[in-house]
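What follows is a single chain, given as structure tokens, in the form predicted on its own.
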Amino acid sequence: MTVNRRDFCKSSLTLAAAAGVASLVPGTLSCSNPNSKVVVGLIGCKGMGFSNLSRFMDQPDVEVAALCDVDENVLNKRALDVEKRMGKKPDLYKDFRKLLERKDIDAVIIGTPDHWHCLPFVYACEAGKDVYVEKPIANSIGECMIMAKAARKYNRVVQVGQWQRSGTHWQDAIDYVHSGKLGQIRTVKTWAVMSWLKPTPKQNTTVPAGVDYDFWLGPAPERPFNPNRFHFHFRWWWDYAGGLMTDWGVHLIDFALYGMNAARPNSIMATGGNFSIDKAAMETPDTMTTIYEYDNFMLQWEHAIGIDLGPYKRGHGVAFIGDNATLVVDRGGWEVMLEKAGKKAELVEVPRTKGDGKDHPKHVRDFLDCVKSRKTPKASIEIGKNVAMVAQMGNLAYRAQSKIHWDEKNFKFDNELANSLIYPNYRAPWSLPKL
């Protein structure tokens, strides 16, 4: 017999109260019963939203109660997919606030475009739901801070979709970095170069049938409908996202910061542009290099859309460049290349060690376990907040076309344009949450 997690918690709370245990409060109860079900709802059903839900449905202790999307074409298709997998059709919503009113839902997955992360996240926390949110956690530095504050205020379990954090070979690589064997690390390089992401220009059209486009825009400025700004390609427009800098940067810069035990930089400078792809197809740069200055090392981000051959012949990765050796890690594996080879080498070369390809399912499992235990997941809201802020800083330096310095104490830059973009201006009737 299986029981719903919420019912299990309620029963446990009643028993605890009878036993005089006063420390157990709703929303923080440890529900470690392996048979308890975690009831989930999905907000944003296309792309990574449904990819995440698919990994959830692989787990035996998950029940899918509801789906929400502003595109009923996507919504209806995903409902059929869930029914086929789970044997029961979920309830469907076009307004995420209605989904969050459900008392039976324990956790929500937020797979919307980046500009639609903050509001559902804060409302979910207020409603007592735990949250699995796609990366980057937000489309601005200010929203990152608001979301982290909401998670703390309402004591919610949050997992950010930076699933390398659950990857065994990624952790092995970081353990090697932390061992000190590389010597003094002077530079960390992070990069992503990808031809398959290349968009092509499209004309403005009428809104497709079944799409609530005004709700899709939400707090973003009103714009004519263009297929190139919708669904997957929202990534390339400042209104909704931050281009490859935030889309892949948060994955890779996260491990640069993890390896170096670093947080926010002292200064940032960036250069790039739309050198290969028509500007009508994307607003964010197709080519970009960013330099972050820290006290004892330099962090570099590089991206390009339309090509595949990156540093070390890898399409993406992180390279820790030390006095003794360089460690390179990507989703496929990790390796160590010696600065001095042969008999004089002080280290033994580490040949490429492959990953197991199970980072994503492990990440979902970690979240579900933490929902039950109330422990902190591997990609916590604080981790997601920090790396999203750093990635956003790279974009702000690019948009300001100037080297900018970050004042951590006063939470501002020494640049007027960069400061004006720390918090977004929401389109009415939506407003930025105040906590």
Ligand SMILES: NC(=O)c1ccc[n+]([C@@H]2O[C@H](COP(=O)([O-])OP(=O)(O)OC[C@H]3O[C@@H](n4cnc5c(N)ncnc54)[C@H](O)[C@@H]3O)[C@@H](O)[C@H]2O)c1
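Numbers follow the displayed sequence, beginning with 1. For clarity, every value in this text was computed on a predicted model and none was experimentally measured.
What comes next is about the form predicted together with this ligand, which does not appear here.
The putative spot formed by Cys45, Val70 and Gly111 is fully lined by this ligand in the predicted bound form; each residue has a non-hydrogen atom within 4.5 angstroms of it. Stretch 229-237 is the answer when you ask which of 229-237, 290-298, 142-150, 182-190 has residues with heavy atoms within 4.5 Å of this ligand in the predicted bound form. For the options Arg331, His178, Arg85, Arg352, the one in contact with this ligand in the predicted bound form, meaning a heavy atom within 4.5 Å, is Arg331. Among Tyr123, Trp170, Trp216, Tyr258, the residue placing a heavy atom within 4.5 Å of this ligand in the predicted bound form is Trp216.
Taking the partner from the other structure, this ligand in the predicted bound form has a heavy atom within 4.5 Å of a heavy atom of Lys135. The shortest heavy atom separation between Asp247 and this ligand in the predicted bound form is within 4.5 Å. Taking the partner from elsewhere, Pro285 is found to have every heavy atom lying beyond 4.5 Å of this ligand in the predicted bound form. Residue contact check for Lys129: none of its heavy atoms lie within 4.5 Å of this ligand in the predicted bound form. The partner is not shown here, but in the predicted bound form the stretch 155-192 reaches within 4.5 angstroms of this ligand through a heavy atom at Gly161, Trp163.
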